[in-house]
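Only one chain comes next, encoded as structure tokens, the form predicted alone.
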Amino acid sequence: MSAIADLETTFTQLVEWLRNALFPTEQFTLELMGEHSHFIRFNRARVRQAGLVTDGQLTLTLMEQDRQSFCQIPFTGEWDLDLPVLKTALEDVRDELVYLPIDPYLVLPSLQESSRDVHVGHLLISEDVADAILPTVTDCDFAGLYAGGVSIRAYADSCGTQHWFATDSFTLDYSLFTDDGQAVKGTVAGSDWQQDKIITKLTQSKQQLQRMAMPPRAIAPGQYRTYLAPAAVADLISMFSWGGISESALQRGHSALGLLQRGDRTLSPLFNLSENFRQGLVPRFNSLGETAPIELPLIVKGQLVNTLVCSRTAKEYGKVANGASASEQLRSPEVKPGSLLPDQILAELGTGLYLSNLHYLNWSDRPTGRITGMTRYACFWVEQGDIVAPIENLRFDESLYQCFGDRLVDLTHTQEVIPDVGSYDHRDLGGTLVPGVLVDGFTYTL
């Protein structure tokens, strides 16, 4: 892939060519997703695999007479290579369009906006990554994946809107294992490599691993006072993107927040959720080139004040769109902090469970907001403010109206960004900014 400036130039040239190639009744959108990323895989505290991925993909959508067709094509940033592929793609979607059904809720480009958002970070060169990580974990069974480099998102359409977003970022997703297979999991991410913070994070994980070497304790099903660390809270917040905060899901009766919207239930006055793009981790524009507010409050003091409304939902249900993605999922969620100081977590927990991670989350009863899942990795039984033993895995089944409602005791004074570390098809961007949460009577069933 060419230099970033060359990529932007070629993208702009392709957009101009498309605008001139359209028939008068046609409209288009063109989206770019690209990256230049180093990947290093670790196993048993050694480098097992290293590689470089340079990739770009264009999505062309053509619209005419309430029909739309799209195709995806590679993007190299080389004009001579990309233009012939784009010409063929335009001919293909144009030929296909007449055979497709009319879409009554099709939203056509109508804005003329532009933005250019480039975040230059300070990343290690790939040759230095292993030396920055491994000396701290050479005495451990350390496994993980480092991914770092520049990611690009861009958008343009036939009305004149054009956006460009590029950011340097890295993620380190790792686990430490005991001899009997118990594990501690951690993630580190950012745009600037801060060696001291990364060493501190790895050292804290090693300390947790030492506690995992103690014999695990079986906990009987029941309700226990529980501290959910930020990574566990981020897992629960992810459920709001799946039949939660979506206006379409609410309109169709598929949302867990229906009770909250109708005023039949409330959440805690301590609970505040928003879409906050101030960190610049992800672009604010969506697949129609619409720009979301820099911050959109969604739940304020336990009350639902906004939902995520995309233009298609707005057209179908007569609502006002607010720059949401087509899927109406959270893109840059933030849960506001509380007053619980980090060094007081165990003391305030008293006797109960300390959960670092959760997994296998699913709705067990969506209309009532009940979520089921399993505890994962470093989870401990705590007595009178002291960690006593790791626990055997437990299944929980709890309603968000309880854990973020009447049983929410406090949230930590500090927040942590839990990064999205997915790398299917491309390296994911963004993360969830959350505090830890202290809950009374969290329900465990198995």
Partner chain sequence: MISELSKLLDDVTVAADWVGFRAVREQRNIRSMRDAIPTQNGRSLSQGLMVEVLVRGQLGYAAVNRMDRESVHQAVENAYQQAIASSEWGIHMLTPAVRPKVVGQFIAPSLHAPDALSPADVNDILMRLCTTLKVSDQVVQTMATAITTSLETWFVSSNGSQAHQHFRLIETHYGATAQDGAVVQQRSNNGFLAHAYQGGWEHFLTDDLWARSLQVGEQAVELLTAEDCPTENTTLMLAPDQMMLQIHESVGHPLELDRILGDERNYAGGSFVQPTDFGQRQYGSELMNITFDPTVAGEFASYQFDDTGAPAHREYLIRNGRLERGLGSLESQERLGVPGVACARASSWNRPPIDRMANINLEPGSQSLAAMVSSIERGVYMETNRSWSIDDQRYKFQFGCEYGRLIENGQFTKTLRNPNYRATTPEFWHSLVQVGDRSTWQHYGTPFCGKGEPNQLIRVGHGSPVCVFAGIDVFGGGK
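Numbering follows the first chain given and starts at 1. Rigid core (definition): largest C-alpha set, two forms, superposition within 1.5 Å. Model, not experiment: these values are computed from the prediction.
The form predicted together with the partner chain is left out here; the points below concern that form.
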Problem set entry | Leu394 within 4.5 Å of the partner chain in the predicted bound form, heavy atoms | yes
For this session: Verify the contact flag for Glu328: yes if a non-hydrogen atom of it lies within 4.5 Å of a non-hydrogen atom of the partner chain in the predicted bound form, no if not.
Result: no
Exercise. Val320: heavy atom within 4.5 Å of the partner chain in the predicted bound form?
Worked result: no
Exercise. Quick one: is Pro293 in contact with the partner chain in the predicted bound form, heavy atoms, 4.5 Å cut-off?
Worked result: no
Exercise. If you check in the predicted bound form, do Phe39, Ser69 and Phe177 all have a non-hydrogen atom within 4.5 Å of the partner chain?
Worked result: yes
For this session: Mind telling me which stretch in 195-203, 150-158, 209-217, 355-363 gets its heavy atoms within 4.5 Å of the partner chain in the predicted bound form?
Result: 355-363
Exercise. Which residue among Ala189, Val300, Ile73, Leu123 has a heavy atom within 4.5 angstroms of the partner chain in the predicted bound form?
Worked result: Ile73
For this session: Have a look at Gln344, Ser110, Ser115, Thr138 for me and say which one sits with a heavy atom within 4.5 Å of the partner chain in the predicted bound form.
Result: Thr138
Exercise. Which residues, if any, of 241-274 lie within 4.5 Å of the partner chain in the predicted bound form when only heavy atoms count?
Worked result: Trp242, Arg252, Gly253, His254, Leu259, Arg262, Arg265
Problem set entry | CA of Ala50, rigid core aligned, shift of 2 Å or more between this form and the one not shown | yes
For this session: Once the core is aligned, please say if the CA of Leu124 is shifted by at least 2 angstroms between this form and the one not shown.
Result: yes
